[in-house]
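Only one chain is included here, represented as structure tokens and corresponding to the form predicted alone.
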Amino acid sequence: MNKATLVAQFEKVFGRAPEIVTRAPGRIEFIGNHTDYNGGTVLGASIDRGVAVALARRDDGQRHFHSRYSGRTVALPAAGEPAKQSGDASWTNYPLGVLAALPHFGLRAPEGFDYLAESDLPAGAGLSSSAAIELASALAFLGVTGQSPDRETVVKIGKHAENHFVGVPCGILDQGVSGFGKSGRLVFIDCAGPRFDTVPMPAGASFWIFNTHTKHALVDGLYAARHRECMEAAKALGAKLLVEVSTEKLRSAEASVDPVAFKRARHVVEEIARVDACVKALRAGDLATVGALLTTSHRSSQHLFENSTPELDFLVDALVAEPGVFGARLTGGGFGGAVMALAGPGFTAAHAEKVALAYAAKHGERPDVLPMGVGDGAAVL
């Protein structure tokens, strides 16, 4: 997906050239599963696939949204508060949420415009196309109105859109990684701040994504349920957020906390510790330790947080048995989606195909196999 292709597509749909073209990457949740909204730490990687947005202003008070997601143009009035859309137009809730968020940060939204979005991210793979379209949209809206807030504000605009307009109670992981990504580096976020940093990705390591195309029918409700369970667990442990709970305090309170709440809390508290251990191992170039932490993270998701699925568990089991794979885990919120493997040069496309065929024999459908590079964060092209 390049700028010239998007410009040509915009001209085909709207009959004129765009004023601005932006792009934001999807992300891999490297480690830190459901730690972000619990105030913890997380590591992610911005990838070399994402969402691009082209925009040109109109002077007739109309906002026209076009996307290859739907293949049609959604026309909405610029006047008044943006209204949530449904059906084929529901994808526009991401840019509409950004428009609704801008005034909360003292920023103004453009009035009328033509808007086109294009993506080379696979849908439903847990690579956060939602954050990518939010950040690409934010940069486009800010660019045409001549506003230049700092990068942290842009990230917070995307999160605000997701939380308050789209209605998903996510933390800042997805938008933070998409916004602060750098080629060859992982993004570290201390979500309590938030504070953003980068950690080197050791040479010779690569990501492989195995997208199962499975998605639990109740995924949104299950995500919200885990969020609620974590908040209830923190309250039972005398804390506002689980980041405040030490491993020792958690263990000493096991008998007095609801068993399900305890499992959720244990996953989060131990996952935060795994993130910190992973940062140290990455800085030391110790990929064996990094891989072991990734796989342990998945087992915790599987047994304690219960946001894995039999399909994801099968892939992790198959991948960690392959030579050249350091570790593997589900990536994203879980309840379906994709598994990420961290591998060295010894893991090739032939090894990946072997795993894919074994999965197809077991589950009846071949997963998409996507080798991924680490790319730069959101930018104006």
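Here the structure is a predicted model, which means the values were calculated and not measured. Position 1 is the first residue in the sequence shown; the rest follow in order.
From this point on, the text means the form predicted together with a small molecule, which you will not see here.
This chain appears without its partner; in the predicted bound form, the one residue of Gly336, Gly39, Gly327, Gly32 with a heavy atom within 4.5 Å of the small molecule is Gly32. For the options Trp91, Tyr223, Phe207, Phe262, the one in contact with the small molecule in the predicted bound form, meaning a heavy atom within 4.5 Å, is Tyr223. With the partner omitted here, the stretch from 350 to 358, 51 to 59, 312 to 320, 327 to 335 that lies within 4.5 Å of the small molecule by heavy atoms in the predicted bound form is 327 to 335. Not displayed here, the small molecule is approached by Gly171 to within 4.5 Å at the level of heavy atoms in the predicted bound form.
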